[in-house]
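In the form predicted on its own, a lone chain appears below as structure tokens.
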Amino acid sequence: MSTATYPPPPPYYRLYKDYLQDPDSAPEPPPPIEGTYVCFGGNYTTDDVLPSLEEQGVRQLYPKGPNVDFKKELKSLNRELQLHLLELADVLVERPSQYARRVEEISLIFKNLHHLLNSLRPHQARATIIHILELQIQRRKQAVEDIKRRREEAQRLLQEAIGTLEGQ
């Protein structure tokens, strides 16, 4: 297979030849993909749903349901993780051959921690957008106040100029 330094453009460039004279002559973009699709050999979905731990084959260590106290559960899992890490250190010192079970328990705790944190991502995204919008509103209000102040200053200067001209 030979390659050219500057290969010709793809054939669909001809669809845009009259674009400068008539921008509506270009073809419509394809509709957005919905559902599942394949990209670079991987299957992806447009549904942004966090799979449950059971769907991933992982035992859930915190209570199920919509009324989970995230702060309490994260603190609890963090304390449990610290305890298991200390136990792992103890096992490594006294019975090095029995470390695998402790590592699996620590892995389970980490997976539960990650799942809880990922459950908070939509809330974090909303809070971030709200913060950004509030900052934009604040900046725009400051810009309006600056414009008003400059307009008043310009009107004052005009009045002084008119007064100076009338006084001559």
Partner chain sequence: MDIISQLQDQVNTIASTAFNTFGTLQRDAPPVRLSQNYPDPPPPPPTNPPEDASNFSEQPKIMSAALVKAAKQFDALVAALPIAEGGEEAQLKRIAELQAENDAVGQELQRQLEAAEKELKQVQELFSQATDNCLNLKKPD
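In this text the structure is predicted, and so the values were computed from the model without any measurement. Residue numbers count along the first chain shown, from 1.
As for the form predicted in complex with the partner chain, it is not shown, yet the points below apply to it.
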{"property": "Distance check, Gln98 to the partner chain in the model of the complex, heavy atom within 4.5 Å", "result": "no"}
{"property": "Any non-hydrogen atom of Leu158 within 4.5 angstroms of the partner chain in the model of the complex", "result": "yes"}
{"property": "4.5 Å heavy atom contact, Asn43 to the partner chain in the model of the complex", "result": "no"}
{"property": "Residue contact check: Val144 to the partner chain in the model of the complex, 4.5 Å heavy atom", "result": "yes"}
{"property": "Partner-contacting position among Ile137, Ile33, Leu50, Ala26 - heavy atom within 4.5 Å of the partner chain in the model of the complex", "result": "Ile137"}
{"property": "Triplet Phe70, Lys75 and Gln82 all within 4.5 Å of the partner chain in the model of the complex via a heavy atom", "result": "yes"}
{"property": "Heavy atom within 4.5 Å of the partner chain in the model of the complex - qualifying residues of 122-143", "result": "His123, Gln124, Arg126, Ala127, Ile129, Ile130, Leu133, Glu134, Gln136, Ile137, Arg140, Lys141, Ala143"}
